[in-house]
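Taking the form predicted alone, here's one chain by itself in structure tokens.
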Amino acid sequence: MTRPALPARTPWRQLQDRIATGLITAAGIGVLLAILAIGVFLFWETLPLLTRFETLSLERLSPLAWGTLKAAIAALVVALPLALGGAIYSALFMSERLRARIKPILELMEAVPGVVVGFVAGLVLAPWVERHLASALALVVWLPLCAVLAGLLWHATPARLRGWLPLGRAGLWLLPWMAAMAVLALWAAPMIEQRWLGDDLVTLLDRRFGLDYTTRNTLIVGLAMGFAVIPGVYSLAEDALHDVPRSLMEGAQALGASRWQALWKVALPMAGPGIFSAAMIGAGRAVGETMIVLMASSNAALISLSPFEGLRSFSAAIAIELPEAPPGGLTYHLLILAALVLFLFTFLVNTLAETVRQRLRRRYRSGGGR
């Protein structure tokens, strides 16, 4: 049987293909040159400061570096468990019909501007947490325990009753349970605070432990920035998990593995490169976030481990001080150095994420991963 001859491309079609290829190549090279130009400009502007190597300059930047790291860690502590848990559930347990509706809604959260999240966190969330600190901490600790308790109760339920509570539609019965537990925590926390502690938690922290509570603090930054980081991490991790072939999961279960064992031994190792990239990109987003940190923190340059005190990050300091810094002065060069540190950190994180992702993908494709 002879293969049908492909239609010959006309000269005009060849010209169109060459023009399109040239434009795409030029755009790619232009992006790379723009990134390189930004790095060269930042390095050139900080060169006078780097040649002098003033110890005072490093001392002034150390609180900003600590604040940036502290805000990023707080955001990742909030975002990674929720984003990865949601990605695992929607990719491996949720029905395809429900996933097709839920996933776009969660991804639309990324379209919410950071200034809106920071505005709500600074003017609504921060005053409420200050007035009800015990209730807020109770929700942070109690709700994860309630989720674990719901899973244990589901496993203890007889098999014939589990059919009425399928994992594919766990939201239909888990959300009312979590809402009821949240109401219980909000009702019980003030009573416990007054009867057991005998005073307001904010006042007690100040008197007994010497911890100052700032209205806009690291806890508020972590909650607000975690909300902003969740959609990006969730989307990338969910795509990586959903791309794991169903035949591998079914084969593991056919060999005697439970669904949980198939998840840990098959799905997560296969999707490991994508999950690692999602976490690294989330870290880069948290480090470079400006408006949420600017509006949800007190912008105090402190070096402290307390989550109830404020902070100031590199990006917030640049946004606040750069318009008033005279060009060529010490403050100007310090802010440009902070921008260079952010640029290098983001570049290195993205490069590391891509390198590890490619290496892990090659290892698992060649059968080296167990």
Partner chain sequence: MKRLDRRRWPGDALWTWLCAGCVALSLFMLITLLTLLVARGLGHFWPAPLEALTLHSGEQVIGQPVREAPLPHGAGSERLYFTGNRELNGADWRWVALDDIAAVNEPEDAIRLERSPWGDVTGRLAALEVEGERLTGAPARARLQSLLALPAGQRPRGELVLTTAQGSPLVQPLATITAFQAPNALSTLEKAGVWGQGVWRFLSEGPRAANTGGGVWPAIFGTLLMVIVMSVIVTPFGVLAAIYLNEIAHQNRLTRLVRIGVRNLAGVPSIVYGVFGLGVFVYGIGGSIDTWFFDEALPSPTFGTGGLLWASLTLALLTLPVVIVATEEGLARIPDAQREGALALGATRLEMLTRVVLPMATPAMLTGVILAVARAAGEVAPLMLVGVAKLAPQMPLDGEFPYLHLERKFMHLGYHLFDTAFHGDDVEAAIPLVYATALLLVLIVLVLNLTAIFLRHHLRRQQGGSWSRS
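Each form is matched to the other, and the largest set of C-alpha atoms that superpose within 1.5 Å is called the rigid core. Model, not experiment: these values are computed from the prediction. Residue numbers count along the first chain shown, from 1.
Unshown form predicted in complex with its partner chain; subsequent notes refer to it.
Chemist: Since the chain is shown here on its own, which stretch among 67-75, 206-214, 259-267, 239-247 would lie within 4.5 Å of its partner chain in the model of the complex, judged by heavy atoms?
Modeler: Contact-bearing stretch, as computed: 259-267.
Chemist: Its partner chain in the model of the complex: within 4.5 Å of a heavy atom of each of Phe93, Phe343 and Phe347?
Modeler: Every residue of the spot touches its partner chain in the model of the complex.
Chemist: Would you mind picking the one in Ala188, Leu137, Ala300, Val112 that has a heavy atom within 4.5 Å of its partner chain in the model of the complex?
Modeler: That would be Val112.
Chemist: Verify the contact flag for Leu322: yes if a non-hydrogen atom of it lies within 4.5 Å of a non-hydrogen atom of its partner chain in the model of the complex, no if not.
Modeler: Output for Leu322 is yes: heavy atoms within 4.5 Å of its partner chain.
Chemist: At 4.5 Å between heavy atoms, is Leu42 in contact with its partner chain in the model of the complex?
Modeler: So Leu42 counts as contacting its partner chain.
Chemist: Report yes if any heavy atom of Arg195 sits within 4.5 Å of a heavy atom of its partner chain in the model of the complex; otherwise report no.
Modeler: No, Arg195 stays farther than 4.5 Å from its partner chain in the model of the complex.
Chemist: With the partner left out of view, is Gly251 within 4.5 angstroms of its partner chain in the model of the complex by any non-hydrogen atom?
Modeler: Although its partner chain is absent here, Gly251 would stay clear of it in the model of the complex, with no heavy atoms inside 4.5 Å.
Chemist: Go through 273-301 residue by residue and record those having a heavy atom within 4.5 Å of its partner chain in the model of the complex; state none if no residue qualifies.
Modeler: Heavy-atom contacts to its partner chain in the model of the complex: Gly288, Thr290, Met291, Leu294, Met295.
Chemist: Core aligned, does the CA of Leu305 move at least 2 Å between this form and the one not shown?
Modeler: For Leu305, whose C-alpha is compared between this form and the one not shown after core superposition, the shift is less than 2 Å.
Chemist: For Met181, does the CA position differ by 2 Å or more between this form and the one not shown when the superposition is done on the rigid core?
Modeler: Yes; Met181 is a residue whose C-alpha shifts (by 2 Å or more) between this form and the one not shown when the cores are overlaid.
Chemist: Taking the rigid core as reference, does the Cα of Ile35 move 2 Å or more between this form and the one not shown?
Modeler: Yes; Ile35 is a residue whose C-alpha shifts (by 2 Å or more) between this form and the one not shown when the cores are overlaid.
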